[in-house]
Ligand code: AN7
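Below sits a lone chain in structure tokens, taken as the form predicted on its own.
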């Protein structure tokens, strides 16, 4: 059962909304025991990389595409740093409509580019950053009458609320802290809206602090000004002028949370810690929240004993090149047992 069918009573759907699905949602919420002990908190990870196209984008994309089909759209268009393009292309393929994706040339992880191409999208590499690609995508969608499925599409953010509902259902409450990477800034506001909706329905009694983490090289919500040339190894959040910045700011302010930035070195260190100590492989951007929690712990600003949920927005296989650049290569030996045992001895 997908997001639309499971949460139809909480979403803006009608009898005419197609119940399309690729099996999105209902992703695992896993307690990361070793890392919890290291930080002195009760830390849980929402594995959004388990969605059909490997990222959280599927939650909102299924809603955006379903409503586009309901409205008679003939094609989809989006700009992307990678995950949106993969998700849009997947749901366009399932729905049988064309999809046009604009990517910043040379700035998209290979795994994500491969997905968009394999799903059959028309992939267009723009010689410019994501913000320019989004500007062009919005203009083209308006000119041609296509449905734009970036997070400027309100149905995207509605669908993404479902992640908050699932967290509350598993924990039986809202977490104390919700830690999340921030790029185009729609997801943090979607989760906040989802928590508030559940509280209004009486399903939870408290709301979490929304803690947003950006890469230091693309941190406009931390610095308070646009970043014209964003640069970070965390390609999924390499965005200098977030389209949903106003919504993200409201979510953080209302919840008593904050924005913080982490360096690429801190992100990659967190990625390795999560993999080697937690058994979870997430793409670099997903590890910005863990990097931030580690940073706050070192600064003495991480309250001990709290329940925190971090959103791992994408699977580590989205960007294998970055991961391989951080770890050693396999040890190559001949076919003798003696050589094998020698290596095993260290």
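Since we're looking at a predicted model, the values are computed, not measured. Numbering follows the first chain given and starts at 1.
This protein has a second form, the form predicted together with the named molecule, left out of what is shown; the following refers to that one.
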Report whether the minimum heavy atom distance between residue 215 and the named molecule in the predicted bound form is within 4.5 Å.
no
Is residue 285 part of the interface with the named molecule in the predicted bound form - any heavy atom within 4.5 Å?
yes
Is residue 91 a contact residue for the named molecule in the predicted bound form, using a 4.5 Å heavy atom cut-off?
no
Contact of residue 109 with the named molecule in the predicted bound form (heavy atom, 4.5 Å):
no
Quick one: from 260, 162, 81, 271, grab the residue that has a heavy atom within 4.5 Å of the named molecule in the predicted bound form.
81
Taking 4.5 Å between heavy atoms as the contact cutoff, choose which of 239, 76, 267, 167 touches the named molecule in the predicted bound form.
239
For the chain shown here without its partner, which stretch in 301-309, 23-31, 64-72, 51-59 has non-hydrogen atoms within 4.5 angstroms of the named molecule in the predicted bound form?
51-59
Residues in 178-214 that come within 4.5 Å of the named molecule in the predicted bound form by at least one heavy atom, in order, are 181, 182, 183, 184, 185, 186, 187
